[in-house]
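Next up: just one chain, as structure tokens, the form predicted on its own.
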């Protein structure tokens, strides 16, 4: 082994390296200034509203300088982060680079260039890089995982017909909830974090207390396995009542339950085949939200939960619909909780906070949108409250689409498919953006980080992968499981990712 260089030498080497870096930075700055020419630009928000006057700026203007300019135009008291797009290309370095990518007819410094700005999250979630715990306990495959809205607990459902609650402070098991007689296919936390529901092959929905892990009741009524659970958004509940629960089943019905009384309030029946997915939207608070359901009869149905009537049908898919997602899913699921720890007095205060968060989310993503993915390899983007016709039909996957998920800010959505790719699309228009390739098996599930900058996917190839959305590349490969990984979730405070696998282990990943 060569001797370690003495301190003098090490300091000299470090200095030389720093000089090289500073020279490069100076050269880059000089290059930016050396770009000749001016351009007329106009900042517009994603909805097309104009911000400030038209400006005459040098083509060498960097992304950071555009940010400073926009913050001044919008009179923000604190500097907010934004991403900028010129026509369809994102401005990553400076204006000239994106200007050069425009088609020849568009490259004129005479016309006004519209720069669309998108607000970014003020906080950053660090990418997960290592497995901090491998939690054994389940004696069959782990089929579903879900973090509680306050990010303090984690629930898992398994083929061994138990539900387990894990304490995230110690990363140890807290409660084992026994009661199911068959595989547990779905678990869902109430938006206020006080109750957990689970369902599966035994046709029964069980309600658990989040604190004690005790069974609060069984909801019986479905005659076939229950496929999906979804809670009513906190801000659309009536008066002081606790949110209702919607369940879909292979008996082709969607049922609405009052979990406090343990009774079925409504049964929504007009699907002709098994219903695989259900979502409860926060629009139309006058009727307590809107319910969307979809399944193997290829139509998405829109329901009024107050009187159980069907509001409309969304047709377009040519095969089974596997997955639904709302661009407000994230904020509906987390209710009053944000990425920072909080305390609330009672349900009314939680409701107030949830309402405020929902309004902000709707403002940010420009109205609620629904996304459906299907066995016909396509995705449809809808605005069901506005119209029955789809905003966009997205093709590109070569095999069935297993799951779709919107980013928390509604800016993007991602789709996971059995063609081994994860595709990224624009959350407003449905325009194709990028395909993340790297998995060597079917991709099963996705989870977004709270700041919408990262995405994690899990696959049949026994790995999880963390992708960087801004740079469109693989950030971290997370091997470790011994068999297919079925389930993934990212906690709402961004600190942990949980994966559940066929190897019966639950793994917790952190930065």
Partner chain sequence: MPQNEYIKESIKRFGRRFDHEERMRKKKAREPKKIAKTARKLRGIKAKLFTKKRYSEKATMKKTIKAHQEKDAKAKDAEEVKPGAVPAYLLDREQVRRTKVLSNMIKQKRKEKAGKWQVPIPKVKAMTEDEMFKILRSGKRKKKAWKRIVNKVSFVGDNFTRKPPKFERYIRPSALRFKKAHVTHPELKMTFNLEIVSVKKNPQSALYTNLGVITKGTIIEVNVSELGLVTQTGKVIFAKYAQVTNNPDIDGCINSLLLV
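Positions refer to the first chain, counted from 1. Keep in mind the model is a prediction, meaning the values are calculated, not measured.
If you look for the form predicted together with the partner chain, you will not find it shown, but the lines that follow are about it.
140 is the sole member of 426, 171, 258, 140 with a non-hydrogen atom lying within 4.5 angstroms of the partner chain in the predicted bound form. With the partner omitted from this view, the residue of 67, 46, 480, 60 that lies near the partner chain in the predicted bound form is 480 [heavy atom within 4.5 Å].
Figure note: of the listed segments 140 to 148, 360 to 368, 109 to 117, 212 to 220, the one touching the partner chain in the predicted bound form, with heavy atoms no more than 4.5 Å away, is 140 to 148. Among residues of the shown chain, residue 182 is one whose heavy atoms approach the partner chain to within 4.5 Å in the predicted bound form. In the predicted bound form, residue 242 stays away from the partner chain, with no heavy atom inside 4.5 Å. Remark: residue 445 counts among the residues lining the partner chain in the predicted bound form, judged by a heavy atom distance of 4.5 Å or less.
With a 4.5 Å cutoff on heavy atoms, residue 386 does not count as touching the partner chain in the predicted bound form; it lies far away. Contact residues in stretch 444 to 476 (any heavy atom within 4.5 Å of the partner chain, taken in the predicted bound form) are 444, 445, 460, 461, 462, 463.
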